[in-house]
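Single chain ahead, by itself, as structure tokens, in the form predicted on its own.
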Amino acid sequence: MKKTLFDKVWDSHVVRKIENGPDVLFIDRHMVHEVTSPVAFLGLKNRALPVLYPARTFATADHNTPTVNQHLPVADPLSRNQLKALERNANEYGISYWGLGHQKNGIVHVVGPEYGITQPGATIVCGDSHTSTHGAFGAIAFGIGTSEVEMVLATQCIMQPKPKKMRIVINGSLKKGVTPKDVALFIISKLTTSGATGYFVEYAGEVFEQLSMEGRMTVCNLSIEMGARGGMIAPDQKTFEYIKDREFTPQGAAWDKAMAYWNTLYTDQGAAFDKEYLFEGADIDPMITFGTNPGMGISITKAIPKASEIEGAQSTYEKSLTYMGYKEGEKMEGKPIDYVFIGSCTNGRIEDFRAFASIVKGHKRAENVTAWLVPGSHKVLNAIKEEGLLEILEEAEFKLREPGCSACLAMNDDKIPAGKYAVSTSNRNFEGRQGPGARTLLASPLVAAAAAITGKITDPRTLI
């Protein structure tokens, strides 16, 4: 029978099928952080259960880590207690733990690929919705809840109904100034934030083949924002070159054995999907969001649509614009901004900082702009320094922060003030996402850089 990539990976991990119920799925890699794990570990303790496979479990501190002064005690009591709990639980159960100050520390979905924990054909879970990032390697990766974290710790399995299958094909090539972030925001604007609910998405076509691995991670990361359970891209030579010789990837004969399997990971010709979409790369422009969900995005050169042009409740649409302080028909280009944020599990990788630096080089940060530049890991932080990007950033009057998620979800003191506009390379623009009353505009690193030096929403193509 013809199988999709998703079918091949899912079916090979089914331990047991429950009639008229979910599948029992074996999990190859379990990523753990400090927010969703404390209650799960408490559940193990109350039942006197061990972690079944500590070697398949990896813990890193990221959500509660402040992006400045990580050498000092964490001031916020909630963050401090959760970080201490993760360290204590990881040590007690023999799990690899990369805490603050550790050279491998960073955002969970950045460090997983960096160290070869993420591999083709694997099943990967984490108590975080953006686990879909790892699907860029041809893995099935999805976020889970606290009770499911406990289940995986105890059994290395999870009970899951098999999602339906969707394929999104984008052919052709991207225009100058259009990035993987724009591709993802374009797709979400077309499908809406619920358009892929109940599906696992495979991205295929020439545009995705042309993307780097980091670009593919950005696209897969945002799969969850259109309601998908996850997203994946078939592994190819780029994938294999990226992961080869990393710390946790197979070596020697084991590598050859793994490659024999990985080379079978593609969708068979004629395999059926439940739903398919086809787009052209040339139709995608640099994108910007104007509302309070990631689906409310448009080309940076376009005007905010009228409520009558949008499917869904008009009252909700109007409420969103009121929160953002915008009106129907207004142009986004030229609107003033206050903050710029580059980082997160979506755009905190070295390629993102290269893109940002390429725009700000030779310019100065706009006086009205506060900029938060947050690498996704210490490995990214070191690369920024080694490649000379730090000099470019500092000459343009930008300061580099330390790795973590804090500025993405308004933890510690990393909060955008109420009413302020932030051009953000993150993944969510909900009300209050980056601070109570803060207004977030999702965009690519190029758009963020253009805004940072002009003080307003600017098409980056005018600066390239």
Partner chain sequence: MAYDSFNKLTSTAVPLPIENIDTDQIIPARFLKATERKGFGDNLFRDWRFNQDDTPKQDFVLNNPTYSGKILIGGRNFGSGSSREHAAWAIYDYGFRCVVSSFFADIFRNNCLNIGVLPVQVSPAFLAEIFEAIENDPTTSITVDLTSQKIQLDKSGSAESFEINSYKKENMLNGYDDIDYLNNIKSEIEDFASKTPL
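Residue numbers count along the first chain shown, from 1. On a predicted model such as this, the values are computed, not experimentally measured, just so you know.
Another form exists, predicted in complex with its partner chain; not displayed. Remarks below refer to it.
Listed stretches are 341-349, 389-397, 308-316, 376-384; the contact stretch with its partner chain in the predicted complex is 308-316, by a heavy atom cutoff of 4.5 Å.
Although the partner is absent here, Arg229 is a contact residue: one of its heavy atoms lies within 4.5 angstroms of its partner chain in the predicted complex. Though the partner is left out of this view, Ser212 does not reach within 4.5 Å of its partner chain in the predicted complex, counting heavy atoms only. Interface residue remark: Glu402 is not counted as part of the site for its partner chain in the predicted complex, having no heavy atom within 4.5 Å. Although the partner is absent here, Gly198 sits close enough that one of its heavy atoms falls within 4.5 Å of its partner chain in the predicted complex.
Only one of Thr370, Ser358, Thr155, Thr301 lies close to its partner chain in the predicted complex, with a heavy atom inside 4.5 Å, and it is Thr155. Exactly one listed residue, out of Asn105, Gln82, Thr289, Thr239, brings a non-hydrogen atom to within 4.5 Å of its partner chain in the predicted complex: Gln82. No residue of the trio Tyr266, Gly281 and Asp459 has any heavy atom within 4.5 Å of its partner chain in the predicted complex. Shown without its partner, the chain has Phe26, Asp28, Arg29, Val35, Thr36, Pro38, Val39, Leu42, Arg47, Leu49, Leu52, Tyr53, Ala55, Arg56, Asn64 in segment 26-65 as residues with a non-hydrogen atom within 4.5 angstroms of its partner chain in the predicted complex.
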